[in-house]
Each structure stands twice: as structure tokens, then as C-alpha cells.
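Okay, so here's just one chain, in C-alpha cells, the form predicted on its own.
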């Protein structure tokens, strides 16, 4: 992430990534439907929002130097998420992909990326820094895609 850049942690969960970036000098906006597991911390704005109920994007008009999303996929949010990243900003995204059905949940297609889907998502808008689609064994066996990309 660019030094000191504002970071969006979408579907923050317990806030592990939000707390990491805040501790390293980034103002962070942590968004989730349930923020009860996210500890209060300096530099962390907590925004409770149901991202899947058809409500408008809760961050309209706001931009960030970076965004991080882990273990979450709701395709209708993708255009708003990508638009919220400033030119030169970084997207870090990791979630489950097709093939994860062998290992348990998530197993429904709407929660699993298709092969190469993250690459297609950023094509022409971002420069890919790193990408992988693979089987991981830690913390548990799973099929994942990961991308780090910089907005053009």
C-alpha cells in the first residue's frame, strides 16, 4: 500500500487486516454486517453495512489508496469496489475458487471464483503485481485465488 494511504477492509470479519494496516500508519475503514468481533482501535473507522441486501454502496463518493478483501465474494459489489481505489492504489484480494467444493464450504458457485476471474476483473484497469490460483493447505485445505494489483 502507498505509505499512509487510506485503506478499505471490505467484509472485515474480526478485523485482523484492518488492525494490521492501522498499526502500520494507515487510516482504515472496516466494513462488515457485524462488527462485534472487531476491537476498537485508533485509525479504524467502523462502518456496519449489509453489503448484500440491495442497499446502495455504503462508500459512495469515497476513495482509498488501497483495498483488501479476504474470504468474501459478492460479485455485484465489484464495480464499486474497484472504483473506490484511487489511481496508484492497490487491491489485495483473496477468496475461494472453483474446486473448493472438495474441501467443504464454501461450495456454492456464487461464492467461488471461476478460473482466472480475478485477472479478468482487473484487466485494463489495474496492473497485476502478483496472482495465483492454487491449492493451499494452511490453515486448512482450500482452493483460492489471490491477486495484488495497482490501479492504473
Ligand SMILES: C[S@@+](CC[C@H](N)C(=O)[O-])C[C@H]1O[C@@H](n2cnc3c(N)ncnc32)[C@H](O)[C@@H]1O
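Numbering follows the first chain given and starts at 1. This is a predicted model, so every value here is computed, not measured.
The form predicted together with the named molecule is left out here; the points below concern that form.
Contact test, all of 34, 49 and 71, partner the named molecule in the model of the complex, heavy atom 4.5 Å: Yes, each of 34, 49 and 71 comes within 4.5 Å of the named molecule in the model of the complex.
Counting only non-hydrogen atoms, which stretch in 22-30, 97-105, 122-130, 50-58 is within 4.5 Å of the named molecule in the model of the complex? Going through the listed ranges, the match is 50-58.
Examine residue 134 and determine whether its closest non-hydrogen atom to the named molecule in the model of the complex is within 4.5 angstroms. Contact with the named molecule, no.
Can you work out whether residue 142 and the named molecule are in contact in the model of the complex, taking contact to mean some heavy atom pair no more than 4.5 Å apart? Looking in the model of the complex, residue contacts with the named molecule do not include residue 142, since no heavy atom lies within 4.5 Å.
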